[in-house]
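First structure 1, then structure 2: two forms of the same chain, each alone, as structure tokens.
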Structure 1
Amino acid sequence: MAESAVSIKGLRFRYRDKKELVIDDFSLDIQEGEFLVIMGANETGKSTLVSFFNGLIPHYTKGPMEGDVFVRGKNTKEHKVPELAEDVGIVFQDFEAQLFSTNVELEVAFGPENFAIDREEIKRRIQENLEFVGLEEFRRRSPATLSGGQKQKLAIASVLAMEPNILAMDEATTDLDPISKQGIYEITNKLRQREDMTLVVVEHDTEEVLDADRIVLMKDGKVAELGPAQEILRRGDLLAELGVMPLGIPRFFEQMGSSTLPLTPEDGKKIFEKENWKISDSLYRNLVEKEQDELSQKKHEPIIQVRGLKHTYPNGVEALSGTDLDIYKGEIVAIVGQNGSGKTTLAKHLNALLIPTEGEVEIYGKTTAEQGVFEIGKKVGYVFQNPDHQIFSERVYDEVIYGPRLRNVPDDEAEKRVKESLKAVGLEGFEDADPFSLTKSGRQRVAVASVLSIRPDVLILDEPTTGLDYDGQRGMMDMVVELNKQGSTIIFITHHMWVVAAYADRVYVVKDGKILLEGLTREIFAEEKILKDSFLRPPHFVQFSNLLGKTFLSDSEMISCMEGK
């Protein structure tokens, strides 16, 4: 048998400041040329495991360790990080921490230069990898001026430029739009055509890993399940139990009693037609009409109006170029688009974090320029993509009460708001906790609570589900829906199309600083060709239903419209 690319034997590890094991009796062999996916809920040890591959543990991060990790025959205990770097490239979840050069080109060149690669070869690698990730036009730009998704692509390009034999990506595509994410996996699949290229990916998105060879599901630092990817992906109950999103297509066929569980939209269409199943036109029409009626009841006077909005940043980049938008009371609205399309710039205008270069934004009939950010902050709350950019207090209680105190809310009312806000986000009892000791999901909930305590009419959330596992994503969005039921108008930005399908009433698609599409979620997801031009795609289940001539947002919706069901 060929030597394993990575061999993990009886590995146990806990961090020096923790009592519990984060990796517990873990053994696994990863073969040369294999595409292995590591999945599981947050805090199950996935990222810790990857940190062993290039010696970050035990050489930089210390803690009691048992067992061994061999990378291409080298025991990582005996070989330090620089020695392992030529074999292993890692793109971390916190990709911004990997970027430090003054321009994009220098960032990609840094690794090969440190390996003393010939100058002409370095030039070739820069060009090839910037083209791979779609950043060739940005080679002279400072990384600091890139969008979050563009920074993520740059981190991937800089690792690919070192041409490692083992490439590990720790949720490295989490901030990318769907087509860019697909593109990164296409790139890595091309690299795997080299016989010695091994790909290890930590991923939450099950739709992106259909081409994997094997999946290892982790729980409590252990191997909970290991097997061929397509077998694991058909086990929806197991995936959900372990905090991983089940695929909608096999779940639909399982509920319909089919013995065959397809994974792709195309295979789903073939099996559906083979089973001679039929969708009821009248039931589908009723579904669509009910949805349209519910929206028309909300569409009265808009509470936010955007007209002819243009925004040019000081560096000359025009992020918005003539945008119109209306938000109505009681809606849940998604803003989607490819990386760098202007989504966050648009959202920041909706509460005066940015002021238009041209055009106007009106909140309750008055322009943001007239009102200013402090006044608008009472009506429109904004939760940033990274909660760490928003949190600054040492106690959860102090963080949440800060806004009401700043606005001179009486103490008893402020206390009441803190209690209600923490209850709304599921953090009762955490008043004395340090926010930074919480998980990403916990910190995100603290950020939401700190905005809720101001009692805004409108809540804007920028990528609220990024970095969360399936349970965390559902928990966050279920909380958002509950807030909506209590009267809040919700606007959220996301790259997770299943979140849009499950939670949004209406969708705005932004492309090149303009609104390309606007409509009900079902209407938007029916426009697959236009979405693809915007680097978006519906969830696989929606694509499957589109192939059948109807647009369903979930398997339960579709089952409710089946003839004879």
Structure 2
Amino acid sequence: MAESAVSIKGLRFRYRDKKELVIDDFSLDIQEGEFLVIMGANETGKSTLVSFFNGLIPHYTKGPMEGDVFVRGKNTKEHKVPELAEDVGIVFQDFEAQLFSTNVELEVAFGPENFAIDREEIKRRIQENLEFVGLEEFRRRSPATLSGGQKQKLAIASVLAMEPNILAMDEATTDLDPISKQGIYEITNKLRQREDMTLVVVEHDTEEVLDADRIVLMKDGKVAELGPAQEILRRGDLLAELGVMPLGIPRFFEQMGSSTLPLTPEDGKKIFEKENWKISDSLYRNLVEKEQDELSQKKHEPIIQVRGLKHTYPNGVEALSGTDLDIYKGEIVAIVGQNGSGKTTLAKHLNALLIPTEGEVEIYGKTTAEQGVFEIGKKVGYVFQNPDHQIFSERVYDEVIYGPRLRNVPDDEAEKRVKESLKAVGLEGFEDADPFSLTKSGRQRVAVASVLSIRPDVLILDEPTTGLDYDGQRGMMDMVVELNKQGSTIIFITHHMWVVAAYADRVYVVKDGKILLEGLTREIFAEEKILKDSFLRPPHFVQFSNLLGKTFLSDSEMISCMEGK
């Protein structure tokens, strides 16, 4: 029997400021050379568990703990975090905070320096690891100038330079666009070739973990299910129940009554053809035409018009180079693109947080330059990506009423709006709650409510689903659709492609400061090649349908168009 890389025995833990256990009677053996994925809803103890591997708990973050964690035979209670760094490397989600050197080489050198490795050997390790993650050409660059994906690759290289046998990634790809995400998983796949390398990955995105050996699903700090990845991933109901996104492809085949459930688009195509199934051309045409009719009706009343927009930051970087965009009343529009493509810069122009260097942005026919943020804020509300960048009150009520008060809305009217806004985001009865004690999705909702209470016609949401689990993401977007039905026009920025497929009417693809593609969601997702160039890819299910020559956005859509069904 192979030796355990990590062995967790009867672990219980609770944070000092919390009443409930985060980890509750958890036992697990992770084999040497294994690729284990930890999945589950938010707040189920996934990150906490990873923090035990190199002793961050109980040494850095303290709290009452029972049970033991052994890393390659060492009890982590008896070894400090820095000592364990040669055994376990950890890559965190936040790529800004974990890089601290002024150039790429020095970042990789930092770990080995701490272990007093001699200079020649450090030099060799820098070379080896930068080559491994594909960053050699950036060795003299400052980490701050790298893209998100490159920063995470650097974080991996800097940890690998200490030559650990276990690499843990705690939601390391959460903030990345789909192709950068794939880039990270290409690296992990390469690492698997090393026999003694154990990989432990916390991930929300089910489509990225098909290659794992085992998956452990967590619930309330316990093991809810543990098994071979291929097996677990086929159990869509189980995944959904535990707050993890089920895969569309096996779900489709299950509903079709197939005995084999493929996981990848390619396998799906093979089995689809073997079963001799057919998609009805006429039903598909109806679907597409009906959709086009519905959506073209929305294109009557323009609210936002952007013409030839250019923006150059004070440091000389041109973030937008000639962009046109139109937003009509009642639409749900997604803006997608690689990290750093200019989508946030573009969105910030739509409510005058940024003023064009060249070109024009008009809201209801008047330029943003002549109206200013205060005026436009009433018509176009902007929910920032990180709710913690705006929440400052001790009560949810105070936070939500802040906007109306600043705009001198009379008290009774303001109170009415707070009520409505909290109802809209599903936080009725939370008026007196402390926003900081809410979960990420709760804080996100407070942030949305505090913008809604200003009653803007247009709502811009920057990455509304990032950092939320599947239920949280769905809940957030269902709420957004509800707001849309009540009359709000919605613009959202995202790199969650399934969210685009499920919720957007129309999509703008931004690349290098320009609009690369614009169209209905279905049209956009049919252009897989162009999307790939802009670091995007449709969800697996859409890719699968593209392989069959039609573009379906969901399994239910496809089933409704099957011949003889």
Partner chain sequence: MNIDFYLDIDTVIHRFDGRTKIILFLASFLALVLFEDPLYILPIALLILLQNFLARAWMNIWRIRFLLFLLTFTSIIMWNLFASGETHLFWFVDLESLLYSIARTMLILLMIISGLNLLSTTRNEELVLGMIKLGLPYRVGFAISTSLRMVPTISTSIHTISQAQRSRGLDLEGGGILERLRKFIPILIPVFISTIRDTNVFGMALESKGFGARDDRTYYLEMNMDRSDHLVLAFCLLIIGISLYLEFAGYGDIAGLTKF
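Along the sequence of structure 1, residues get numbers from 1 upward. Rigid core here is just the name for the largest C-alpha set that superposes within 1.5 Å across the two forms. All values reported here derive from a predicted model rather than from experimental measurement.
Given these two structures of one chain, say which is the form predicted alone.
The form predicted alone is shown as structure 1.
Any idea which of Glu107, Val88, Arg234, Thr48 is the hinge when one rigid bit rotates relative to the other between structure 1 and structure 2?
Checking the domain motion between structure 1 and structure 2, the hinge sits at Val88.
Enter the domain rotation angle in ° for the smaller rigid part relative to the larger one between structure 1 and structure 2.
That works out to a rotation of 14 degrees.
With the two forms matched on the core, what distance in Å separates the two CA positions of Ala116 between structure 1 and structure 2?
The shift comes out to 3.1 Å.
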